[in-house]
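Only one chain is given next, in structure tokens, and it is the form predicted on its own.
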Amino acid sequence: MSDLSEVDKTKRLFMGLGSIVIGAGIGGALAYPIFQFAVGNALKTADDGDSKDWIDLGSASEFEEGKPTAKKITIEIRDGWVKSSSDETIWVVKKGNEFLTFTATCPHLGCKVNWVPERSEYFCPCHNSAFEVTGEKKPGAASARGLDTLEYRVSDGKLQVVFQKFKNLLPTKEVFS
């Protein structure tokens, strides 16, 4: 037989259950931030359910038919938990109701290409690669492929692109980041 009275048994039961509840609360309070730190960013999606990061390039009506137009953007780069920004150039050519959108990065070694209106070509000064207005490489170009196109859409009258970087020196386009 136990020497404890019913009151003592009730006190022990209360203290035991109270310790379990307090321990679970502390454990949950510590586990939540650790879980958010470990996998929180992997579970996030865009607010509208579209996981792509669309970047506005301006009104779709501001681009002239057939004329390459450079648009400067600043992208945010997340490498693990480090954030940085990078200025990039996007070339846009309007073709009727469609658009051609390219990165200004040469797929050869990553130098920046510029439009040369006198020669009607994009030109990379690093290794003299030249590209057509459509982004296709010209004969004799050091690059293994044409300029890298970007996915675009027109939303509410604004031209938007999904900026991506691609691996250099490959004959086909492969996303780098």
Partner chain sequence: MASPAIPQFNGTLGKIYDWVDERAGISEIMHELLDEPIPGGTKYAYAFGSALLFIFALQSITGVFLAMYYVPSAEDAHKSVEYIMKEVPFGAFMRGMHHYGSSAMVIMVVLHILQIVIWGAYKQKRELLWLVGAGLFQLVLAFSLSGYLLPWDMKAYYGTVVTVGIASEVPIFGDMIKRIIIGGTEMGTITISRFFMVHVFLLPALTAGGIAAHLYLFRKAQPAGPFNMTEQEAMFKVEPFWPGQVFKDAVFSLVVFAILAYLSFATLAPLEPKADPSQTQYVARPEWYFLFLFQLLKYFPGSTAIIGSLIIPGIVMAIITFLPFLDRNPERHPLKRPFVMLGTLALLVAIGALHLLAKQDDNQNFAAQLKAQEEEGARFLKEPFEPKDTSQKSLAVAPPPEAFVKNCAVCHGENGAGGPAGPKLVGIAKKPGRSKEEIAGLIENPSAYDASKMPPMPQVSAAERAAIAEWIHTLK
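Note that the rigid core is defined as the largest set of C-alphas that superpose within 1.5 Å between two forms. What you see is a predicted model, and the numbers here were worked out from it, not measured in a lab. Residue numbers count along the first chain shown, from 1.
We do not show the form predicted in complex with its partner chain, though everything after this point is about it.
**Student:** Only one of 30 to 38, 120 to 128, 105 to 113, 64 to 72 has heavy atoms within 4.5 Å of its partner chain in the predicted bound form; I'd like to know which.
**Tutor:** It is 30 to 38 that comes within 4.5 Å of the partner.
**Student:** Residue-level contact is defined here as any heavy atom of the residue lying within 4.5 Å of its partner chain in the predicted bound form; does V154 satisfy this criterion?
**Tutor:** Result no; V154 lies far from its partner chain in the predicted bound form.
**Student:** Is there a non-hydrogen atom of G96 within 4.5 angstroms of a non-hydrogen atom of its partner chain in the predicted bound form?
**Tutor:** Because no heavy atom of G96 falls inside 4.5 Å of its partner chain in the predicted bound form, the answer is no.
**Student:** Test of understanding: in the predicted bound form, would I26 fall inside 4.5 Å of its partner chain by heavy atoms?
**Tutor:** Although its partner chain is absent here, I26 would touch it in the predicted bound form, with heavy atoms inside 4.5 Å.
**Student:** Could you tell me if I22 has a non-hydrogen atom within 4.5 Å of its partner chain in the predicted bound form?
**Tutor:** Flag for I22 set to yes.
**Student:** From first to last in sequence, which residues of 122 to 161 have any non-hydrogen atom within 4.5 angstroms of its partner chain in the predicted bound form?
**Tutor:** Nothing in this stretch is in contact.
**Student:** Any CA movement of 2 Å or more for V116 between the shown form and the other one, core superposed?
**Tutor:** No, V116 moves less than 2 Å.
**Student:** Under a superposition restricted to the rigid core, does I34 display a Cα displacement of 2 angstroms or more between the shown form and the other one?
**Tutor:** Superposed on the core, I34 moves its C-alpha 2 Å or more between the shown form and the other one.
**Student:** Once the core is aligned, does G96 move its Cα by at least 2 Å between the shown form and the other one?
**Tutor:** The answer is no, as the C-alpha of G96 shifts between the shown form and the other one by less than 2 Å after core alignment.
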